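Here we start with a single chain on its own, the form predicted alone, put down as structure tokens.
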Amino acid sequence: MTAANAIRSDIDIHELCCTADLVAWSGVVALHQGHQIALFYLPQGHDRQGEAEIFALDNHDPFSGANVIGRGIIGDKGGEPVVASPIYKQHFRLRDGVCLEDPEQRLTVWPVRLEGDMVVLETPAPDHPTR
């Protein structure tokens, strides 16, 4: 049990994978409870001058209907880190999953963080299904 889990009873903590499983400046896909989650690892932050950042988004592209977001290209639009879908090239902000070309479309964003060498995912506890 981590300190965060001891303090907050409304979330469950899941060790999703190791940082060694990630590819810097790219995406990988992890399977968690039937959900495909695209993980994007920016080892020096999106501006390449800060601390490591990790983002977790739904792998399902709402425009093509294919599970391909994890194969998208990471970039920067207006100072925001984005991923471009590999099929129709829409850009999704990594922080909130919003599509820049069509703000009505949004990818699910999963709370994730690096904890040592582990990628830790947070989900609502079964008694608190707020997701």
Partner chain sequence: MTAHNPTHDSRQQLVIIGNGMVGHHCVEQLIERGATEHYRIHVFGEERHRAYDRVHLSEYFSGKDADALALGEPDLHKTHGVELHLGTRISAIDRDAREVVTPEGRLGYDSLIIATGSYPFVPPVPGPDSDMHPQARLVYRTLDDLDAIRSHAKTARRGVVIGGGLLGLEAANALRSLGLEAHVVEFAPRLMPVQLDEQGGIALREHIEGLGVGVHVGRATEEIAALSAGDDYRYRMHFKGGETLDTDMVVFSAGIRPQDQLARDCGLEIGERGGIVIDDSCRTSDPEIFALGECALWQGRLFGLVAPGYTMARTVAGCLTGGEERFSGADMSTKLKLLGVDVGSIGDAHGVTEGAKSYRWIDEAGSGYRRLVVSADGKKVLGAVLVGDNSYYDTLLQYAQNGIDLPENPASLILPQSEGGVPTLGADALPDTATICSCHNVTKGAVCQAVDAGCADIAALKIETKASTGCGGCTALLKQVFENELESRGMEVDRSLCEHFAYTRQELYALVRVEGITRFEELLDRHGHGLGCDICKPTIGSILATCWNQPIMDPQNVALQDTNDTFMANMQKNGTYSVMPRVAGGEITPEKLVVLGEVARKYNLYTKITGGQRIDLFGAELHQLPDIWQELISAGFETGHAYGKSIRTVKSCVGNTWCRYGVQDSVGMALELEHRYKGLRTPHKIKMGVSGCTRECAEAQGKDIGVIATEAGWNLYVCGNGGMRPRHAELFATDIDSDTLIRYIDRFLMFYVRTADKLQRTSVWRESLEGGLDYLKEVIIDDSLGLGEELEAQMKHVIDTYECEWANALGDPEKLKRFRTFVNDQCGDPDIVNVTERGQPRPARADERPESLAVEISS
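Since this is a predicted model, take the numbers as computed values, not measurements. Positions refer to the first chain, counted from 1.
The next section is about a form of this same protein that is not shown, the form predicted in complex with the partner chain.
*Asks:* Does the trio Ala56, Pro103 and Val112 actually contact the partner chain in the predicted complex, every residue with a heavy atom within 4.5 Å?
*Replies:* No.
*Asks:* Against the partner chain in the predicted complex, would His60 count as a contact residue? Criterion: heavy atoms within 4.5 Å.
*Replies:* His60 belongs to the contact set for the partner chain.
*Asks:* Heavy atoms within 4.5 Å of the partner chain in the predicted complex: does Arg71 have any?
*Replies:* Residue-level check for Arg71: yes, a contact with the partner chain.
*Asks:* Does the partner chain come within 4.5 Å of any heavy atom of Met118 in the predicted complex?
*Replies:* No, Met118 sits far enough from the partner chain in the predicted complex that none of its heavy atoms falls within 4.5 Å.
*Asks:* Looking in the predicted complex, any heavy atom of Asp21 within 4.5 Å of the partner chain?
*Replies:* Contact check for Asp21: yes, within 4.5 Å of the partner chain in the predicted complex.
*Asks:* Can you name the residues of 21-36 that have a heavy atom within 4.5 Å of the partner chain in the predicted complex?
*Replies:* Result: Asp21, Val23, Ala24, Trp25, Ser26, Gly27, Val28, Val29, Ala30, Leu31, Gly34, Gln36.
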